[in-house]
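Just the one chain here, laid out as structure tokens, in the form predicted on its own.
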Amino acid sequence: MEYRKDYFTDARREDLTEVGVTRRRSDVLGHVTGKTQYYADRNFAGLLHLKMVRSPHHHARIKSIDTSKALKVPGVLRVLTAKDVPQNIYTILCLIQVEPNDEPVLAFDKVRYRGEQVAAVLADSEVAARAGAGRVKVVYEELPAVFDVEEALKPGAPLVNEYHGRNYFTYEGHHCRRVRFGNVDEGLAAADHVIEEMYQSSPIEHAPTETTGCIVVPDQNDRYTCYSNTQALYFTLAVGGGFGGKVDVITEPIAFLSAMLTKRPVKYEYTREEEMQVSSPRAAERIYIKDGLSRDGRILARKVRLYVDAGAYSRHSPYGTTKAAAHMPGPYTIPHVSVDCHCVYTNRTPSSAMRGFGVTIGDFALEVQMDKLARLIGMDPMEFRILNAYRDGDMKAHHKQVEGAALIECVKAASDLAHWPLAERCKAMSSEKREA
């Protein structure tokens, strides 16, 4: 990639050796020549294939599981159910002290979304494992399901996740992640214009080139080696594409247990159909934004109510919801702000990370809202953003001081590149100080 030097360096920064300099990735030759080794390229003697029995229901109680016919399929070695998993309930976020544990490795009492893992079939071949999975008989009692975030919060809604006892994640005793700055009711009352809009998104699947998977191999001294395309090990690994979707730890626990119980290497990988159905998508979100605006174009108050659809389990959604709350009200200095961000459980596939999760959909909603506000008062949308942009030293709504903003300079640079005319007063403004 070529960089324009005048946009990244100036006379004061000539000592920099990286900014504005093109560097070749250390792994690029392997990628472009096809020599890079994926986890699935590895072959091990005695490799077992794992295929999962998945729930056909969005919400159902498990009455019984019969594995006898699956064990008669030639090549099937073992079938694992929840009773074989020593610590069956976990949450990924326990690594950063966010609890409670709320997701089983294998479902045992009930299933909470379509495609949930119920039983793992281990066989000498992929064909035998698939045939064995088709012979496992699970008797379900179907339960009412809820798929809408606001419906899930109403009294009497089906309880999705009993480990929370309610259909929302609790933040320090509150039913949502909250941000309070100034007095939003006073700000709205003082406004010349008040506008409220609703924005929403659907779940978005990452569609990586390489589907999620791993191989776990017994090693010496009762140790095991895991070859995985996770990006969670160092938050950098995902050769076949990750984009956040490979940050969850879903395939590895059951693959490890399978290798420990059989003393053989075990491979567990999603088919493309499984990747589309059960890998964590970007969360669906619904956002209500209510703004109070003065005649001269200053936003006086912003009230945000945001719902994040976590699906049936937490995964990274409570963290993403916190990010969403902290990102409000956008890169703008607004004296009165109120934000309620709800992390809601529904009977949909659990959502998780995807490229700036907790921020991306909110940014879309905020910037569309900014365009609507500018049109409302007949102001140029670029000038409107510059007028309301935060400056160094301003206080953000979550009570952190702005440093190194550069937003105004970015808007001016974008306007210049797009040949978008700006008023002289905007050209004179700076992120380093607020004009008198």
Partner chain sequence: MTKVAVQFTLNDEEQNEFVDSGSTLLAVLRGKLGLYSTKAGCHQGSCGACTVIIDGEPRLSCLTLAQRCTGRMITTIEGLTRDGALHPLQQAFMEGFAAQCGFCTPGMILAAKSLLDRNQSPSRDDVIDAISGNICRCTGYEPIIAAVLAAAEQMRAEMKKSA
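Definition used throughout: the rigid core is the maximal C-alpha set that superposes within 1.5 Å between two forms. Residue numbers count along the first chain shown, from 1. Just so we're clear, the structure is a prediction, and the values are computed from it rather than from any experiment.
Heads up, the form predicted in complex with its partner chain isn't pictured, but that's what we're talking about next.
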- So, in the model of the complex, is R25 in contact with its partner chain at a 4.5 angstroms heavy atom limit? yes
- Query: Going by a heavy atom distance of 4.5 Å, is R223 a contact of its partner chain in the model of the complex?
  - Reply: no
- Task: Give a yes or no for K63: in the model of the complex, does one of its heavy atoms lie within 4.5 Å of a heavy atom belonging to its partner chain?
- Result: no
- Message: Is T36 near its partner chain? Define near as a heavy atom within 4.5 Å, in the model of the complex.
- Response: yes
- Picking from 316-324, 358-366, 283-291, 266-274, which part of the chain touches its partner chain in the model of the complex when contact means heavy atoms within 4.5 Å? 266-274
- Check all three, A40, T211 and F243, heavy atom within 4.5 Å of its partner chain in the model of the complex: yes
- So which of H31, K69, H398, K372 gets a non-hydrogen atom within 4.5 Å of its partner chain in the model of the complex? H31
- its partner chain in the model of the complex has a heavy atom of only one listed residue within 4.5 Å, and of R348, H336, R177, H206 that residue is H206
- Though the partner is not shown here, which residues of 140-166 have a heavy atom within 4.5 Å of its partner chain in the model of the complex? none
- Is the C-alpha displacement of A414 equal to or greater than 2 Å between this form and the one not shown once the rigid core has been superposed? no
- Query: When the two forms are laid on each other by their rigid core, does T33 show a Cα shift of 2 Å or more between this form and the one not shown?
  - Reply: yes
